[in-house]
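For this one, two forms of the same chain are given in structure tokens, first as structure 1 and then as structure 2.
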Structure 1
């Protein structure tokens, strides 16, 4: 008994939490906190002798929660929520020429992520172009977004150009919000990704909205990534005012994507994996 008392006198702190594999540090039960008991305070009145303190993994967990929240709020298509730049499979393209083009695009994406602080400082983005739907433009843009959120905690808005316009139009007649508030969101976000820009001819109103967003982002050096089925030069045919394409040309590096759809190849690859689940090897 005396030995126990002497031990508590020398070290009155007892760890009550049982460590779990859920904690990357092997110290808590995965909650991010450690419960401790201070036996020296056991007989003190109005004093808690038990409390919890942050585990070394707590800040790491908080950072991961912030990343997950940003991923959820970014608007990245759910189908590409786990896409990574390095897993962009250029072997799915059937011709040597298309595989080479895809490799160059992949290298550009990797280097953009690695050098994002520099690109951000100068407000430079990417313009992923190919005439063919399903060529991998949206997937590669999503992969870049995922990487920037995870590596840099970047604030990102990912939206199709048609949805951007529709969100502005929804404010017409609304008492809760106005068009300026919606446009300001896309003007000021750290990184804006506009998918499927210029799929069809634009009205003067649509051109005005796109111009407003792009002009602000160019003037304030905010990086923007766009995907489209027309070249930057040919944007003038969609936005005849000639102001949109000039700003995008200043803001983004044009990256060509293969003129080949790989959706069927990806579907076959996915189905093969699910066949293993359903029917075994």
Structure 2
């Protein structure tokens, strides 16, 4: 007892929080705070002798919460919320040629993420294209987005081209939102990802909206990633004004994706799993 009293006199601060493995530092109970008692203040009137201080994990948790929020608000398709660039499997494609094409695309994606600060400074994005649906364009774009949010805390808006147009259209006749606010969001976001650009011919209104967003982003050096089933050059058939493809040509590096659908393979694999459940091995 005497020992305890002596040691408290020397160091009157007692840590009340019992550390648990919920804290990555092993210091707090996972709450991000450590409760301490200052025994020297015990007999002082109107003075709190217990208080909490930030654990070293607090900033880290705060950062993680911000990242989770950004991931949540980004619009990345939920099925790809955990997709990473590294788990992009180039061995799934059946021909050597497609595997090579996928390998080149994957390396470009890795390099884009690694060099994002430079790409961002110059407003350079990517243009992933292949005619075939299900070849991995949306998946690769999503995994780049996931990586940029986690590594750089990037602010990202991921949207299908058709949804971008319909969001603008929805504002017509609405009192709460107007078209220019919606357009401004996509013009100004740090990194915009437009999925499935130009799936079909565009009306001049649609062309105007896409041009408006792209022109602003080019002028202001804001990077954009696009996926499409036509080459940048062939965009002219869909946006006949000819200005959309010129902007995109300046803003995005073209990356060719394999002309092979992984979706069919995935479905077969998935069905095989369920066959095992239903019919046994």
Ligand SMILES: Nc1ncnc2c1ncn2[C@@H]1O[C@H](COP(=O)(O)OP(=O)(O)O)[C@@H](O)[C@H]1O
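For clarity, a rigid core is taken as the largest C-alpha set superposing within 1.5 Å between two forms. Bear in mind that the values here come from a model prediction, so they are computed numbers and not experimental data. Positions refer to the first chain, counted from 1.
- Of the two copies shown, the first one, structure 1, is the form predicted alone.
- After superposing the rigid core, the C-alpha of residue 266 moves by 2 Å or more between structures 1 and 2.
- Superposing the two forms on their core, we find that the Cα atom of residue 275 is displaced by 8.0 Å between structures 1 and 2.
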